[in-house]
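Before any questions on how it binds or moves, here is one chain, the form predicted on its own, in structure tokens.
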Amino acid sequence: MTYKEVNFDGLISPAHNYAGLALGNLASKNNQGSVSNPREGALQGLAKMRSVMELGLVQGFLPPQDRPALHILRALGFSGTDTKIINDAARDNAGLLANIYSASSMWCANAATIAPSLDTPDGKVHFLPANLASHFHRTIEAQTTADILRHIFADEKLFAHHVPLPGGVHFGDEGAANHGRLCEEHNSKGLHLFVYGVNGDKYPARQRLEASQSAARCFGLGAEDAVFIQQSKAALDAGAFHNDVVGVANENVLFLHEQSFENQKEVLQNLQLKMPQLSIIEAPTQQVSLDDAISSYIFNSQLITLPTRGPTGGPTGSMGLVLPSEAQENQRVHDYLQSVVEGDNPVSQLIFKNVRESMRNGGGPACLRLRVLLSEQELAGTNQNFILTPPLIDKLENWVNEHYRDQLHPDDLRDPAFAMECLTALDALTQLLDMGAFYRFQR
């Protein structure tokens, strides 16, 4: 049976704004209060999706969550009409208003952790939505994420859905941003890398060991199927709030910074013993500093297996890196990337994409996507309204151009008219995608 890795990108919301809510996310804090461009952000995300499709890969997407999250304000005691709720929240607690407008679900690497059917005892694809317990504006995503995943992957014969982990920050789970899977090829059984954090001197860890261990139990992974690795405190304090900021895995390749893990030399030796065919591409600190890694998001790239595409395509099994433009513009980082492509490893192509609206909030290409390994049967059993085709991308671009603002100031969140704009846009999207009355405000 043939398996394909499908990238499901987050469709950027009409409420995309720079509120600076994420502790430890340097780009988010540095751009707090800036004017955002939701239209450009969504179009940049769609352009990245289109380019991945044009490489010959299957590309899907997750819809935005309903923002403003008026149901959260109602649960916190605000009452009356939607307009009254927005006005009262703006008057009483502007910080709360920023949280319920957050468009952070666009970074769907944090949506869930996933185990493919190749690796699970029941032969189903398993989904564990992340509880995102470290930040209020993110933890309110968990239930809607679960609903979205159940809507797209609805066939109970093929897919198994878990509820988000309980226990708050004690079991803080940030999803696939701290998880990787190594294997000989996509059609073979994998070794799961669960990377957890311990509080640094400057910033707290978001992913807990207990959460990673729970995910492995939910998936039915045995001791030989999973490795638990501590992220380095140096990386955490430098601004690598998720491990995908300093490393990425794909098939038999692990591409990472020299300071990604605690006791990294020993960790890599153990991984090599478990998987002799593993190709490790480790960037030395002397060539790429942690500051360069985090400002350029070189490791927050999509490491993808390129299909064979005739005489001009790469060899079977060659890989490409989908990188942010910032990695091209940093000369030290770009020089190192050129050495990777010229080196003895599977990476043969660099694809630079402009995702600046996402980058200014601290999310690169890898943050925007959730990887799901699917067999042909599982892909056919996936809701095809969320698998992109060129005509569907055209429709989504038209939808964005019709409904999104090209400028959004933080003070605009106080305007009830903007709330209605966002909900109108999402209502139109549900009609476009035949979702029915999916969002709470539609029921």
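Numbering starts at 1 and follows the sequence shown. This one's a predicted model, so the numbers in the text were calculated from it and none came from an experiment.
Only in words, not in the display: the form predicted together with ligand SUG, which the text now covers.
Enquirer: So, in the predicted bound form, is D244 in contact with ligand SUG at a 4.5 angstroms heavy atom limit?
Expert: Yes, D244 is a contact residue.
Enquirer: Wondering, does A283 line up within 4.5 Å of ligand SUG in the predicted bound form on heavy atoms?
Expert: Although ligand SUG is absent here, A283 would stay clear of it in the predicted bound form, with no heavy atoms inside 4.5 Å.
Enquirer: Within a 4.5 Å heavy atom cut-off, is H137 in contact with ligand SUG in the predicted bound form?
Expert: Flag for H137 set to yes.
Enquirer: Quick one: is S102 in contact with ligand SUG in the predicted bound form, heavy atoms, 4.5 Å cut-off?
Expert: It does: once ligand SUG is placed as it appears in the predicted bound form, S102 has a heavy atom within 4.5 Å of it.
Enquirer: Ligand SUG is absent from this chain, but in the predicted bound form, do G45, V248 and L323 each have a non-hydrogen atom within 4.5 Å of it?
Expert: No, none of the three is in contact.
Enquirer: Tell me which of 348-356, 83-91, 108-116, 225-233 has residues with heavy atoms within 4.5 angstroms of ligand SUG in the predicted bound form?
Expert: Selected range: 108-116.
Enquirer: Which of the residues spanning 330-363 lie within 4.5 Å of ligand SUG in the predicted bound form, based on heavy atoms?
Expert: Heavy-atom contacts to ligand SUG in the predicted bound form: N361, G362, G363.
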